[in-house]
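Shown below, as structure tokens, is a lone chain in the form predicted on its own; questions about how it binds or moves come after it.
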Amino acid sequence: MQPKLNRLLRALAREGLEVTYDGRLYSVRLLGDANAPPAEVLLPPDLPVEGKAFQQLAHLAALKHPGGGEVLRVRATPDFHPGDSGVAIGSVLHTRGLVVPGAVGTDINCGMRLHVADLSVEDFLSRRDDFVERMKGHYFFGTRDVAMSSRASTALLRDGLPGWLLETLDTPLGCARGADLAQLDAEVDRVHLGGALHGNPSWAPDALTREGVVRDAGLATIGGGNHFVEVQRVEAVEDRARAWAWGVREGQLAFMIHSGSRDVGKHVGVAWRERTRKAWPQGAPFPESGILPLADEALVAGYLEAEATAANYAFLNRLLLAELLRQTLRELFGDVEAPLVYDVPHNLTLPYEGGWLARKGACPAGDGQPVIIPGSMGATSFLMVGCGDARSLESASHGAGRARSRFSMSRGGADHSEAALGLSGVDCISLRAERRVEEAPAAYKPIRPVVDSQVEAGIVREVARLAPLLTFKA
């Protein structure tokens, strides 16, 4: 290990990085920038190191604004890998007097949602084909009926799930007519932050606030990339008392949803990328990384309000993806309760210790909080409980993390056999053959070392493991 590590550290030094490693935690900063806090990366020695991701973390830690403010700490989870926008996926950024829109990106409130159902796997698989055809209609072919009044849409963007529910209880439209609205109302308590942030509809696309019935094409859609809906089996329970309290039992059916704010997040993220650039002090050089912070209080407040607006939309997107699946189970199997275990966001900026904490591809892991860490579609996923670890900025990984880029997976000449891709025995439903290749298990790091390193570091503890049955990829 030592000769290999020394070669790695020398290579990173040639790229302008000062890096140390204690066998568990990397410390990274730009060479010659002693004033910047070192970025810390929890990474087991057997997982790959990517110089580009280290560069992105070091530049994030070195961010400054001519108007003041400071970066206090930067941390990365063990699933970290380079981000297309210049910020590594798995980054956690603690600032004071600064907010960094790029540290969240355009997939605002991408997150996870987990339900369980007292339905046997055997019964479910007996109707697998019927289930898949109905869900393909909902998720891929647009047969879903997702509608709401303009009042409900405005209330959602402003007040989150409670606002949407309040208006929808009076005038349910579309698939909400078939929902158990009392159950949805009770489940809000199992959504992080109650599914409610202080938004403002003026930051959303105009189509969401027009008078009349709103039928938004992005609602109840999975999205591309690593987003998915997966049906699973609760394979094993490790913390029986906590699992019991959360309604989780071995042998149950489960379904996990990974999606975000879709075009609303992109609308907000792109708009604020331009606003942030225009607000940069005239004559001041731009940061080498291209990542620009905001320091002006009014601009910070405006951005956070816009981010919250997109986040509220994402909470409803995941709720409706789950509700369409839950209603389909009821159509096929009768009275299936399928309660929510938890809904948790990844990409958000939230208050933290007198400043701001921005997560990009990282999961909140406060003390006692459910943490959902999915594996690839061929691997086990994990339901964990957070330990509130301060050194990790109360943050855990949001998955296994990519080991190979989408380009690498899909390039000509690569071995695209089922065995090489890790797809043997994997039930993946997608209309795009390239999606199965780009998101194949072989594209991802092994999930177990990622999870174990966080358990050993006191970040999370294991509650239950979930095995995949079938996965929808858009």
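Don't overthink the numbering: it's just position in the shown sequence, from 1. This structure is a prediction, so every number in the text was calculated from the model and none was measured.
This protein has a second form, the form predicted together with the DNA, left out of what is shown; the following refers to that one.
- T106 is the sole member of S392, T95, T168, T106 with a non-hydrogen atom lying within 4.5 angstroms of the DNA in the model of the complex.
- For the residues H227, H192, K136, R233, the 4.5 Å heavy atom test against the DNA in the model of the complex is passed only by H227.
- G102 falls outside the set of residues with a heavy atom inside 4.5 Å of the DNA in the model of the complex.
- Although the partner is absent from this view, A301 stays clear of the DNA in the model of the complex, with no non-hydrogen atom inside 4.5 angstroms.
- Mapping the unseen interface onto this chain, K266 counts among the residues with a heavy atom inside 4.5 Å of the DNA in the model of the complex.
- In the model of the complex, the DNA lies within 4.5 Å of some heavy atom of R432.
- Just one listed stretch, out of 399-407, 376-384, 246-254, 169-177, contacts the DNA in the model of the complex at the 4.5 Å heavy atom level, and that stretch is 399-407.
- Of all the residues from 445-469, none has a non-hydrogen atom no more than 4.5 Å from the DNA in the model of the complex.
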